[in-house]
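What follows is one chain in structure tokens, specifically the form predicted on its own.
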Amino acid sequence: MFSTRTPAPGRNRLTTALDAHPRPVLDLTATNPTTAGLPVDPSPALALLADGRGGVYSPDPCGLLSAREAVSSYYAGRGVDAGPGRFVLTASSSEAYGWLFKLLAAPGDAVLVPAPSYPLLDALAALEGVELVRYRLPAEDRWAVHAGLVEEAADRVAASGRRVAAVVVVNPNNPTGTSISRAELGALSSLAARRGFAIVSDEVFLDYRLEDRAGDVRVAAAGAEGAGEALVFSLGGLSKAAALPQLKLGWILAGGPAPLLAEALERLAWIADSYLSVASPVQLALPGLLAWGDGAAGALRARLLSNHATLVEGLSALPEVTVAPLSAGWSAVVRLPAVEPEEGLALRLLEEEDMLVHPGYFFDFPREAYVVLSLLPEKATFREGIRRLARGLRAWR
């Protein structure tokens, strides 16, 4: 009756326990910036949607030129020269993934993805009939991307007789915050060109790099028009750039060898024309939304740094617990002694401390024991959450 692209009904133990929990829960997994109590007024941004030109429907498959020019200017302000013709607008980064999987992969093809990383990729791949194969990000190098480990994963796919369609790089990674280096991106581009697959670089956290390592790449498709060895697609959007996920606008920046790039953009336009999913009002408002978003992103960065400092201080009396440095993104990674299963710890914290954290296995951490926390909650809420977390962890002693 039903397609195998959708999962059978069912919930994990943590979600089931949360649904049945009898008391209010302090949620340290919340990542919705619109409910995080940021000290910014969204009214001026939302007022931009009332532009009268939005009453006329005049679609462009790749997005209105004025909107693509706004995204091009946004990148120019970050040192990236990319003309509006290299952008395709989407309703979200999730839709961008779906379109790129359609563009690059036939059903049954493999897409290489990092581990650890965000679990949404599994659902997006399943919906396109694509199989994910993971490549390892080594903890001993702060979860950095290594082209050699990507090649190992590609070799496993080849040995099974399947085709690699693309490799996904999350740059900076969610939740570890680490970025790909220029040297490794060059090696990865050479590998992709030799093996005939594309690079998809999810860069939605572009504006939340807080501790770049020397040589880190900010935008993988930057300057790649006509010059790079492989096709490269960089993803971004209003959800993170302006902390406005409810307005549903993202984008794909394409780069690579000129003939491949031209064909990729033409095929992407064909896919986009089949959906025309980005609303005209948000496209017309985009220049102002991106300008307003600079202030929202600044407020978010201040919140992230403050809450991370609270986390480090709050767990400082537990020397067996390690808080990863905050390199980028909205999450904190905490490594714990493997004396209790991650899921068991999360369930115990819910039951005893009325708080919610993500166990590391949600993000494909390779071994016990990690928890992942959102750094977005209001400062007082976050401080109380860390107090409860520290108390829950002391129960080991």
Ligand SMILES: Cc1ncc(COP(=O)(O)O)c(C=O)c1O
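Note that the structure is predicted; figures quoted are calculated from it, not measured. Residue indices: 1-based, along the sequence shown.
We do not show the form predicted in complex with this ligand, though everything after this point is about it.
**Q** Can you work out which of S181, S92, S280, S327 has a heavy atom no more than 4.5 Å from this ligand in the predicted bound form?
**A** Contact residue from the list: S92.
**Q** Can you pick out, from F205, Y135, F101, W292, the residue that has a heavy atom within 4.5 Å of this ligand in the predicted bound form?
**A** The residue from F205, Y135, F101, W292 that makes the contact is F205.
**Q** Looking in the predicted bound form, is this ligand within 4.5 angstroms of a heavy atom from every one of S190, F233 and L261?
**A** Per the other structure, none of S190, F233 and L261 touch this ligand.
**Q** Quick check on V170: any heavy atom within 4.5 Å of this ligand in the predicted bound form?
**A** Yes, contact at 4.5 Å.
**Q** Hey, in the predicted bound form, is N174 touching this ligand, heavy atoms inside 4.5 Å?
**A** The answer is yes: N174 has a heavy atom within 4.5 Å of this ligand.
**Q** Using a 4.5 Å heavy atom cut-off, state whether Y74 contacts this ligand in the predicted bound form.
**A** Flag for Y74 set to no.
**Q** If you check in the predicted bound form, is W143 within 4.5 Å of this ligand, heavy atoms only?
**A** Contact with this ligand, no.
**Q** Counting only non-hydrogen atoms, choose the one of 152 to 160, 267 to 275, 92 to 100, 75 to 83 that falls within 4.5 Å of this ligand in the predicted bound form.
**A** Of the stretches listed, the one contacting the partner is 92 to 100.
**Q** Heavy atom within 4.5 Å of this ligand in the predicted bound form: which residues of 140 to 164 meet that condition, in order?
**A** Sequence-ordered list is empty.
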